[in-house]
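Encoded as structure tokens, the following chain is the form predicted on its own, with no partner shown.
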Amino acid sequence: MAFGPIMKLTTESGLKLELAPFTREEVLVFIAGLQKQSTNQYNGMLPVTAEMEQEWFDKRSKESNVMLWGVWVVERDKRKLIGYTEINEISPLVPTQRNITQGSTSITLTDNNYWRIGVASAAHYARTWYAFEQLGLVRLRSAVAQENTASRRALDKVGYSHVYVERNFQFIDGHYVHEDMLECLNPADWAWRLWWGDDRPSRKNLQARKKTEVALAWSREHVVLP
């Protein structure tokens, strides 16, 4: 389960993307970006070497509860690997109740030339669609530093909502930064009923559900599984 299938899509700005596997050699293109403070400051990572990055690849490729994609830009029929995204910790919410499954999500764009132009949002849309409509997951989780406003906006757009705050999770530029823990729920009626049971969702949850429905509708129209 280490790599997800190829997904082709186009961002709202017209940039062609592929979410697709990558090789142990191709992972080395991430190093330059991962050695920059601007890339790592909000994810708690330290700069990496070639050996460290390939060790990470070897470990990830063997994990059965991870679905990983490289984020590729396609320009003039040339493909460029600019980062990666994943669903990890895929598992039942409660081991004895396999009908409620969840996963955690993340994205790292190591080429900052592609920041803030809709790449992350498009990848979130495709990944969420695959998680809910192909894997049948009920819940996705993610975490984002409160100061990382661009990442928070991208997650909000697809329907992630706030659950709780992890205080003082990292020390950056002379002060502690808090982390928001978020969740995105499968908006399908069967999953919605399964998750909420007899509880009544809040207005915030209902608004998030509508955003996720919009994201999934967009993905059905724009994401292609070759």
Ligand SMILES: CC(C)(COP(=O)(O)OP(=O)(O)OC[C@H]1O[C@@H](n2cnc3c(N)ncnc32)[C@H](O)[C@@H]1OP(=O)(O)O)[C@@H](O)C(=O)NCCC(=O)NCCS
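The first residue of the shown sequence is 1; numbering continues from there. Bear in mind that the values here come from a model prediction, so they are computed numbers and not experimental data.
Unshown form predicted in complex with the named molecule; subsequent notes refer to it.
Note that among 72-80, 85-93, 146-154, 133-141, the stretch whose heavy atoms approach the named molecule to within 4.5 Å in the predicted bound form is 146-154. Interface membership of residue 102, defined by any non-hydrogen atom within 4.5 Å of the named molecule in the predicted bound form, is ruled out. Shown alone here, residue 161 lies farther than 4.5 Å from the named molecule in the predicted bound form, counting heavy atoms only. Taking the partner from the other structure, the named molecule in the predicted bound form has no heavy atom within 4.5 Å of any heavy atom of residue 129. Mapping the unseen interface onto this chain, residue 35 falls outside it, with no heavy atom inside 4.5 Å of the named molecule in the predicted bound form.
Interface residues of 109-135, taken as those with a heavy atom within 4.5 Å of the named molecule in the predicted bound form (partner not displayed): 109, 114, 115, 116, 117, 118, 119, 120, 121, in sequence order.
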